[in-house]
Each structure stands twice: as structure tokens, then as C-alpha cells.
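Read the single chain below, which is given as C-alpha cells and is the form predicted alone.
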Amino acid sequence: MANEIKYMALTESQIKVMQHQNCCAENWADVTVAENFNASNIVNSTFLGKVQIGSVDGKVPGAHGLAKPCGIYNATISNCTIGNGSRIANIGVHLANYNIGDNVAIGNIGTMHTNPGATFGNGVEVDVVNEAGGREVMIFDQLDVQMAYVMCLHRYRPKVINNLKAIVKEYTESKRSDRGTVGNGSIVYSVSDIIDINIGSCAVISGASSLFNGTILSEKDAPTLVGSAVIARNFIIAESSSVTSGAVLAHCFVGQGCQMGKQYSAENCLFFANCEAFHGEGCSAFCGPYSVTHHKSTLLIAALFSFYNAGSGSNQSNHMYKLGPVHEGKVLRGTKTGSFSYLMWPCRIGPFSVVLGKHSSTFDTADYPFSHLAARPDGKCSMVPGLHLTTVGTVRDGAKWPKRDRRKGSVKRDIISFDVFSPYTVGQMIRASASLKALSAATDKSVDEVSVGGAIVKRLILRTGQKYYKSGIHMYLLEKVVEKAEAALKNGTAVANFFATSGDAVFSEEWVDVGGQLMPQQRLIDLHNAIESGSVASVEAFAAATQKVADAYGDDEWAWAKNAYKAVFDVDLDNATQKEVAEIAQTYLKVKSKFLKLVVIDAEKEFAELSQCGFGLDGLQKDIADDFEGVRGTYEGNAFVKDMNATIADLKTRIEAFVETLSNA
């Protein structure tokens, strides 16, 4: 490390060698070097101000992995500290005011400079969700999605917002410096301008156009790439992310494990863990974890997203030519929008919904998860509540997200709850089912359709929606009861104590999704109160508080599930007998198996005759099936189908074993 090197004055012979190689210094006395410094590796360079240079022996990997000799070649260096084993070459204007680590390669740079009092993107305000302002998030290099979410969405608690801003301002001041840093093992080459940029260890910055006022976090096990033609201004890019291929960022935060490129353009946007953004455009978009947009002509504007998948050409409008772009959208977790869908804000869309068509009217379906939302010819929204509960896509989503976590750093800052079925979504289903039931009872049979939150629902669908939600509610609650009983039985707990609730659990009837972290509403209120009181008054304290909530998730979930089970089934689990527990397990087996079989049936549609349209081109009728099989495989051999069938079989074995063990307890 550069700060561990003992620097000493140049000897006369070292100065002569450097002068002979066309080097000069404003004052040679201000140039200090490591012991046994090899002056022959300093060529055609100028030194201004105080410059410290470590060992320049050996070679260092550079562009495309090609190792080149350490040293300084064709460069003007001003007020810099350079560690051991580094190479700096071909600096067009100058390299000024930087602390450079060990084994760093910097080459073909126009200007690399840190201005006095630089904050490296920390403290930049991002006008997110509302393009006209009012929901600004102050970014900094340790920002997590939970803090950003509270700062952005909870403006009804002004003291919370003010105190969070004070925390960020204090952190920003701690980062203020007259010198930038380049971490050990980083490679920086072929960049026109690097101004006020901090660079972490093992980062690769290759061919970027211009980087101004930002931080590129990186570490050995989670290197970050900033690639060709990238233009970024007032930004933070976190560990193990990749921003390449002409991406343009202005006032943006890019979280851990994100991938951006292919000319994607983003202004005043936040992207958190594992987001992907290619080709399209973002403006004032709050992209929570796993938000994905891959297509040209796709615009994400003035809205909250998470676990989101944007179809090609997805578009939204955030003003109606009145008071400007002041309207907002809330697209709750797991939603998908179809190709060329259009949404006119303000709207709220419930979790795991599918949106198709061009909607020119506003609606609020936030309490109706797993719904199908299709635009009618008149632009109004037609809703089928709960339709996507048993679709293949929903089940695949729940399985794929944990497997696609690209965060590899020492710390994963965003707290993510991956559960598709949880007190958050199941609580919504319970409320939605009750609402649909009441509406069905109150609607005359002569009425064909009713309005639900601005969406149109056919009267006959009101009962269908209840049916969908009932199956999901029952499956989740039975599953939680069986899981609790299995764990208790394994630990030798008496049946009478199977379903005890932890004394540390917090119960709230309603749960919230705080930027991808699920929690009881009371936990959020407690967090608000802690911020207001000052007991959470630092970045570290906020992270500790949300982690404490995450650690309590299992206990809180069970407290909710137990209470909901009593409300739904009118059964007090504290009084459950051994026989009743066995019956619950058998019921769960039936309900869960039925659910999984419906998913498998939905998957079978992908192999139906209609799906074979276009196969067997130029062949005979008999060639269609063979061509389809050669490309798509068979239904029986499909990996997802096989996994679902195996899950059904394993479930049966598991429940039978549990019931048998329970009977012998």
C-alpha cells in the first residue's frame, strides 16, 4: 500500500537518469521515491508539486490483460502518491491530485484530476419518482435501497426526511477531499476525462468517454467494470456492476450487481441490486432490486419499480399538460408490462400483475395482487383479479431471483425479501377477497361490470377472483403451519408448544414492502420513530436497524400467519391436537399439490399445437412436431416441468413422513 511505503529523496544519480530520459520537475526535492527506486523506468515525464512514487520494478497487467513494465511514461504528474508496482503511461494533459494504490495500470488518459473539496458524487440529489421534484434522494457510496425508499416515499414524516438528509450530509463531509483515490489492482485506460472520481480496488475502466464527480466502488472479489463510450456525471456505481457500451448516466445511482449498457440513457434514476438496463431510457425512475428493461423504445419514467420486467416499447406519461410532469406511478413488486404497453400516471399497480395494452385512464389496483390488467379499446383498464396466481411465470420468478444475485462483495447493502407469498401479498389477497365478496353481494345481477379502483371488472369475475385468492391464501397459511410444526417436531418440542410465537415478534395486520424488504407496518413505524428521536443517527445505525428487522422476519411472519390462520379457518392453533396437526398436513398436501399441478398445466400450454405454429417450415405436416421437439424439446423432458413434478412427489413423501413421525411422537 502506498501509505505504508517509506518515501525518500531522489539521489543525484537518479535525477540524472531521469533527466537523461527527458524528465523534468518543478522542484526535484518535492519528488520522493521508494527505497532502491529504479529511475530508468521513468521516461518523458514532468512532475509538479509533491509527488511520491513507489517501486517501479516488474510488470503489471493492463489493457486486455497484457502485462507491461511498471513505471511512468509520457505523463505529467501533479501532487500524487503512487504505490508499488504501478504503471502510468500516455497522459495527454495531466494526472493531478490522486492517491494511487499498488499494482495499478493507468494509460491513454486525457485528463485525470481532482478539484479541491471534491465529494465524488456523494451528496448529489436525484429527483426520483416525481420529475418535478419533491422526492429527492441524496445519494452516497453506502446508500441502500431501504434508506432511499424511506427518503423518497415517506414525505409524510418530514422530520424523518430531514434527519436522513442530515445523516447523508454528515457522511458526505467525511468523504470531502482534495485528492481522489485509485484502489489497488485497478486498470484505467483510454478515457478522455476523469474528473473528481474515486475508484475502488480491482476496478476496470476501459474506453469510457467522460466521468465527472462520481465514485466507482469495487473490490477484489467484486470488481466493477466501466466500459467503452460511457458518459457519467454526478453518479455512484457500486461493486460488481457493469456499465458499458455507450451508457449515459446523469445524476444516477447504480447499485451492486447491476448491468447497464447498449446506449441506455438514464437521468435522475436509482438502480438497486441486480437491475438490468439496456437500449432504452430512464427518467426519474426508482428501480428497486431486479428491475429489468432490455429493449429499445422502452421508457421508465417517474415511477417506483421492483422485481419488474418491462416489455419492449413499454412507456408511461407523467403529466397531462396541466402543472407539468408532476404525476407518479407506483408499480409494486413483480409486475410485468407487455410490449408497447402504455400507462398514464398516476396509477398504482398491485404486486405480480401483468399489464397489457394502452391505458389512457388512471387506476389503483394496489390491493389486488396477481391480477391481469388489459386495456380496453376506450383506454380503460379491464381487470381479472388473481388470474396470475398459478401461472408459470410467477412460480419461475420466485425461484430465479435468488439464483441471479450477482452481488459478490464483502457486504450486500440492499436487504431483499424474495418470497412471492408472504404476509404482504397474502394480506392483500385477504383484503381483496373480502372486498370482492362485498362488491359481489351489493351488485345487482342486471349489472355487467363494476369499477374497482378505477379498473373495470366483469360482475361474474368477482366470484372468480375470490376463488383465485382463496386458493392462494389457504396454500400459504397451511404451508406456514406445516413448516412450523415440522421444525418443532424436529427439535423435540411438545405438540402443545408447536405453534408458540416468539416474544420478540412484532404483529401488524398490514405489512409493507420497503424497497424490497418485507416487514410488519409497525416495524416501519418504529424505524421512523428511531430516526426522528435520533437513536438512528448514522449510516451504520440505519443499516443495523433494517438488518435487525430482517433478522426478525421469520418470527414476525409466523406471528402474522398464526393470527391470519385463526381469522381464516376459525382455528386456534395453540389448542391444536396431534390429530388436528396431522389433518392440517394432509389438507396442505392436497392444496399445494393442486396448486403445483395447475402450474404444470399452465406450462403444458407452451407445448400445445397452437404453440407449434411456424415450426416445420418447408417440411411436411408430419415434420412440424419433430421440428418443434428439436428446438423446444418435449413437455415431459422440460426442466421446469420435471422440477415441478419432482416437487409434487417430494411433497407427498415429505408430508407422509411428517405424519408418521408425528403419530409416533
Partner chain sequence: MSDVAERIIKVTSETLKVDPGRIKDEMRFVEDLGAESIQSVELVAAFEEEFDIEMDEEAALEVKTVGKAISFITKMLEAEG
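Quick caveat: nothing in here was measured; it's all calculated off a predicted structure. Residue numbers count along the first chain shown, from 1.
Below, we refer to the form predicted in complex with the partner chain, which is not included among the displayed structures.
- Considering the partner chain in the model of the complex, the lone stretch of 410 to 418, 529 to 537, 451 to 459, 261 to 269 in range is 451 to 459 [heavy atom distance within 4.5 Å].
- The contact with the partner chain in the model of the complex, taken as any heavy atom within 4.5 Å, belongs to Lys597 out of Arg632, Lys68, Lys50, Lys597.
- Here is the short version: of Phe499, Tyr565, Tyr468, Phe363, the single residue with a heavy atom within 4.5 Å of the partner chain in the model of the complex is Tyr468.
- For Lys159, no non-hydrogen atom is located within 4.5 Å of the partner chain in the model of the complex, even though that partner is not displayed.
- Looking at Lys445, you'd find a heavy atom of it within 4.5 angstroms of the partner chain in the model of the complex.
- Within 4.5 Å of some heavy atom of the partner chain in the model of the complex lies at least one heavy atom of Thr464.
- At a distance threshold of 4.5 angstroms between non-hydrogen atoms, Arg233 is out of contact with the partner chain in the model of the complex.
- Residues from 599 to 619 that approach the partner chain in the model of the complex with a non-hydrogen atom closer than or equal to 4.5 Å are Ile601, Glu609, Leu610, in the order they occur in the chain.
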